[in-house]
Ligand code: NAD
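For reference, the chain that follows is the form predicted alone, supplied as structure tokens.
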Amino acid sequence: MEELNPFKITQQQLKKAADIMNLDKEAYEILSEPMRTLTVSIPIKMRDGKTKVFKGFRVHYNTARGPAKGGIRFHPEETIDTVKALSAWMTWKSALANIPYGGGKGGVICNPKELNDTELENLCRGYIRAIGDFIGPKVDIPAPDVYTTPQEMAWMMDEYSNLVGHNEFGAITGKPLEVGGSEGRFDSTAMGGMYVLREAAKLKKINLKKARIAIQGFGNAGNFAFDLSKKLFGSNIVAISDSSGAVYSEKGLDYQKLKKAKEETGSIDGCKGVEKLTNEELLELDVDVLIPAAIENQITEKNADKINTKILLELANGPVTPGADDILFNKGIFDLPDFLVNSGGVIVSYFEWVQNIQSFYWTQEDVYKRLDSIITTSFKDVIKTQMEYKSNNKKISPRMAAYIIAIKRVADTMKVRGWY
């Protein structure tokens, strides 16, 4: 049975890449565990007058290349292993994009849907007070993630500013524009994914205007992926899902109808005139492009042989497990890894941080142009590395090529700094 502990998965992926690239043993040992892990208790006065204690985490995986960078998740099933895994992926994501960050991540065990606005604000501020000595614009820059939004980031930035005694907009990214947010940040993850898809389609000679696309997930990333793939390429999105199930239409789904159904009923399942599917059935559709944009561990050893797509665009974090990797690769599916595809978020977070430090702000056009340049270069680096190994009779997947690039960049920096 495949082990689905997220941190063990990251360690398996690191070990596989390290073996292929003959990584120095000392570098491997440094990179196989996070550098710093913080667990905190956050007492919050609730609406009934009672105090509830929430558990939170913040992890710095590796900071050789710069300050830690990573989101904050509010989730009822958050675990330290998930946070450690995501901080590792952030390390590789920043290194692959070649931006001056290390990897970090944070989380609080809570169900934000059960909290009112006051409780949520108090939790945000309490979390920042608890980790205040662990973060900062030169140390660790948090950002939004699952169930956190620009509003939560605004509260957190304000609380950090209160702690240090002056405005410190660069301490948090993913903020509203009014408090130092960046143009283009809100849809940056999906936009970056679209630039990768464009390059992949060129390579595989797929006409995206005629392409059939299925998207798993109708949250921030999946929502924008639907809208942008229609606007940029004119693609035909035949299926999409949310937590309640999936909908399908051979003729293509209507974005506005889906949005309306979601707003009125809380689910796209309420959309009329479409066929209903399960999330599992959506993943196994015969399509040109499959975009997992939901949560981890969706394509595993159990269903990888049933995946029927030309391009697999991993917009979610960790949607494909190590056991599924070889199956997909052997099937000839062009599986583009998460920490390449969804790196648009951290790249534009980096832009926001730079703008905050300089107090000089860019247009949306500037942001998209710079994002396109960085993520397209990353894609080309991955394909180049893959081809170099192939010429030496070593067939590696795009994921392994991306890992090799990222790990080498971090290991080389640690070596120069004298860490091993």
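The first residue of the shown sequence is 1; numbering continues from there. Predicted, not measured: the structure shown is a model, and the values here were computed from it.
Form predicted together with ligand NAD: not shown, discussed below.
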property: One residue of Ala171, Ala221, Val83, Leu290 in contact with ligand NAD, assessed in the predicted bound form (non-hydrogen atom, 4.5 angstroms); result: Ala221
property: Heavy atom within 4.5 Å of ligand NAD in the predicted bound form - the one residue of Ser243, Asn162, Asn98, Thr300 that qualifies; result: Ser243
property: Partner-facing stretch of 328-336, 302-310, 235-243, 205-213, counted where any non-hydrogen atom is within 4.5 angstroms of ligand NAD in the predicted bound form; result: 235-243
property: is_contact(Ser229, ligand NAD) in the predicted bound form, heavy atom dist at most 4.5 Å; result: no
property: Ser249, heavy atom within 4.5 angstroms of ligand NAD in the predicted bound form; result: no
property: Partner proximity in the predicted bound form: Lys93 to ligand NAD, non-hydrogen atom cutoff 4.5 Å; result: yes
property: Gly217, heavy atom within 4.5 angstroms of ligand NAD in the predicted bound form; result: yes
property: Non-hydrogen atom within 4.5 Å of ligand NAD in the predicted bound form for each of Asn279, Ile295 and Leu315; result: yes
